[in-house]
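In structure tokens, the next block holds one chain alone, the form predicted on its own.
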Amino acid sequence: MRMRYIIGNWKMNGLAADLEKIIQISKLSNRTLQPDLTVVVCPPATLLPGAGEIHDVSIGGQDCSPYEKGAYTGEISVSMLKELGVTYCIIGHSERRAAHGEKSSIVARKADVLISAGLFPIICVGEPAESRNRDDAIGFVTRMARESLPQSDGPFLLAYEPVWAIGSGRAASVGEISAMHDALRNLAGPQTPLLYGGSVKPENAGALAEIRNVDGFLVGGASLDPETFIKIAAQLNEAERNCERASV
């Protein structure tokens, strides 16, 4: 039995009243999901203090500083995240790379500081439409992943999010995801959980969850609705049960 992951990235959404959604996710996951599925919610930083007090759901940050402390206005250090009960952290998201010019070398540094603190980096990689159109998607993404991986030994998750699919309502095809995840498996090794993100919804989650080397999902907008989020998670549970039945 392999561990599966469902991770919700709330991005810049959510006020104090929305902590109730994380409580609902916790209740629904206890009622619906199997224990081999790890549920992680990554709310905005303002909600982390309250979110860290909610049990049965792991809490993640949406970014961290590569520095431990000092004159870095607006940054959040790994130790600050850990103090709030955070156990996972998204780094290298395409929005950070595009809007803030975040290079893969910085992502790798962040991964190292997270691992040194005992937290799990969720390293995001993905190609723009231009790269996909010129048939260089796998080369582009594997180069980005290689440059973004930590130098230190320690567990991390690798999330493939085709930039052109995020928020578009269109997921990559089964063949595109399969080929990419096979390439990332060869790069990251057999123990690294590989996630897919990019317009994942209940209607397509079942087919996506059956793809070889897809160990879970990184979900954006759909994670803001607890029932929708858990419906997606349930598809991962069903895919794992199908895998177990096939191996008998």
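In this text, all values refer to a predicted model and were calculated from it rather than measured experimentally. Numbering starts at 1 and runs along the sequence shown.
Form predicted together with ligand PEP: not shown, discussed below.
Asker: In the model of the complex, does every one of 49, 60 and 85 come within 4.5 Å of ligand PEP, counting any heavy atom?
Answerer: Looking in the model of the complex, the three residues 49, 60 and 85 all stay beyond 4.5 Å of ligand PEP (heavy atoms).
Asker: Which residue among 102, 176, 112, 95 has a heavy atom within 4.5 angstroms of ligand PEP in the model of the complex?
Answerer: Of the candidates 102, 176, 112, 95, 95 is the one lying within 4.5 Å of ligand PEP in the model of the complex.
Asker: Between 155, 139, 167, 128, only one gets a heavy atom within 4.5 angstroms of ligand PEP in the model of the complex; which residue is that?
Answerer: None of the other options qualify; the answer is 167.
Asker: Heavy atoms within 4.5 Å of ligand PEP in the model of the complex: does residue 235 have any?
Answerer: No, residue 235 is distant from the partner.
Asker: Check residue 202 for me: does it contact ligand PEP in the model of the complex (non-hydrogen atoms, 4.5 angstroms)?
Answerer: Answer no; every heavy atom of residue 202 is more than 4.5 Å from ligand PEP in the model of the complex.
Asker: Taking heavy atoms only, is residue 40 within 4.5 angstroms of ligand PEP in the model of the complex?
Answerer: Because no heavy atom of residue 40 falls inside 4.5 Å of ligand PEP in the model of the complex, the answer is no.
Asker: Using a 4.5 angstroms cut-off on non-hydrogen atoms, would residue 218 count as touching ligand PEP in the model of the complex?
Answerer: Judged by the heavy-atom cut-off of 4.5 Å, residue 218 is in contact with ligand PEP in the model of the complex.
Asker: Pick from 185 to 193, 218 to 226, 60 to 68, 30 to 38: which stretch has non-hydrogen atoms within 4.5 Å of ligand PEP in the model of the complex?
Answerer: Result for this chain: 218 to 226.
Asker: Note that ligand PEP is not shown here; using its position in the model of the complex, name the residues of 183 to 197 with a heavy atom within 4.5 Å of it, in sequence order.
Answerer: Result: 197 alone.
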